[in-house]
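Have a look below at one chain only, the form predicted on its own, in structure tokens format.
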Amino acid sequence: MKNYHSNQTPNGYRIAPSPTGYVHLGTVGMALVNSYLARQNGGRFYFRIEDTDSKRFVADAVEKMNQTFDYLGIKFAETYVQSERAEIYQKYAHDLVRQGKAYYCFCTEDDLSQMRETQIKNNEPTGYYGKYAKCRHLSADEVQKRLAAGEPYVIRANFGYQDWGERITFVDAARGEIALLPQVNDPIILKTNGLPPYNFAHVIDDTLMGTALVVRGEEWLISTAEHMQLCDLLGFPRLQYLHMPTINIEDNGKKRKLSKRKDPQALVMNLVDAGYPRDAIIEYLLTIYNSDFELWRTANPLAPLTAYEFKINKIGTNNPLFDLPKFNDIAKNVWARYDHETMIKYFNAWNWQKLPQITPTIKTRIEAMLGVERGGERPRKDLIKFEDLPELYSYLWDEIQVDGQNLDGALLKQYASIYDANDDKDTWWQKIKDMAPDKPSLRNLAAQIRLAVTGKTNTPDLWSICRILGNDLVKARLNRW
């Protein structure tokens, strides 16, 4: 694991989450966009763990993130950990102090609280600025005295802004030119524990690591002015940004951000655990982030996802709603493209042991069922996620529920006496036709057999299902009426 880069050619693309638990769907979206841009531009794609906020750190979060990215096939050339780069941030912070561009601040929480109360009372903007930035005006002797006494301190950037109306402009790669009010407060760039907050670490890391384009969620857009100011303060070229729209959800008629705490679909591992196909997650994200992806997929139904060219100018600026029915339709289409061998591979990689009353026999039946009506011009599209298997293919289990009030027991027993699981499909169908004197009778008999054997009125190919269940079980179900 590398920890340091300097003077990198700006061709890097990165995903830089905080280790706060399972991975949010939006974080995977950022990773996906960066991986496409890196591949298309011949750049490096790297992973940076932003763990300088110890209050939000979750012990196994990095492992969970790696599991998620591995499952989705998202690979990184390099990995960095911010907490292991503390000396780098400290060097830059103390260099700024020596240049008069930053200063030691010894204000306590009580000091800051009293300052805020005064500002509110005076109807003034709150923050550490102007006359309220009292540590900015400490003499060098006073500073050395307090350092020698071991007083805790933070380091603040010396922005020294006075004009609240000034604007900082930049060009967002997706949104065009944007003008923001500058950060007038003198922000903390090094905390008492020697680690930086996000803003300072981000500017240093993305400069040293050669990030060509900082792709992140639009919630960071308002902070970009401060990041530009920090670049200027450090003497760095200003970073280039692309702010992606935030995935929302409709809640009681109102839009809100898709939440880890409230929405199960916000956590990618919940989708994985439910048994959605990997490519469905990726395709759905491409659908909401690039407006022409669906047209491309329609024109290229079997093309690998790597063949798609992600386009920055096709990123929308409106926040997309998470659309579960659409996501489910994408999952159906993805499963329909896979051959039988691939279906079995995915099923065995999934946590199939959690299915109710699962036995080796039932598992074997499921594996066989995953190949029924697969391939060809019109493959079936009934499967959304493996979690649905007990309901979707309930007839593969030994015990089934059947509404038998309209079943003709004598007719079913007559068919049971001639049924043979070894019959090929033509022979099987001919036996059924021989029992029916006309088309209405044939339709009725076929419907009766289907309902008696499967408990359902609509299923995939019945001949295949009967062969999977086996001679004895099919006959037993026919003879129970």
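Note that the structure is predicted; figures quoted are calculated from it, not measured. Residue numbers here begin at 1 and follow the sequence given.
The same protein has a further form, the form predicted together with glutamic acid, not shown here; the description that follows concerns it.
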Exercise. Which one of L285, I247, L271, V215 is close to glutamic acid in the predicted complex, taking close to mean a heavy atom within 4.5 Å?
Worked result: V215
Problem set entry | Position in contact with glutamic acid when the complex is considered in the predicted complex, options W350, Y104, F327, Y198, heavy atoms within 4.5 Å | Y198
Exercise. Is S18 close enough to touch glutamic acid in the predicted complex, meaning at least one heavy atom pair within 4.5 Å?
Worked result: yes
For this session: Spell out, yes or no, whether the shortest heavy atom distance between E50 and glutamic acid in the predicted complex is within 4.5 Å.
Result: yes
Problem set entry | Non-hydrogen atom contact Y338 with glutamic acid in the predicted complex at 4.5 angstroms | no
For this session: Using a 4.5 Å heavy atom cut-off, state whether F293 contacts glutamic acid in the predicted complex.
Result: no
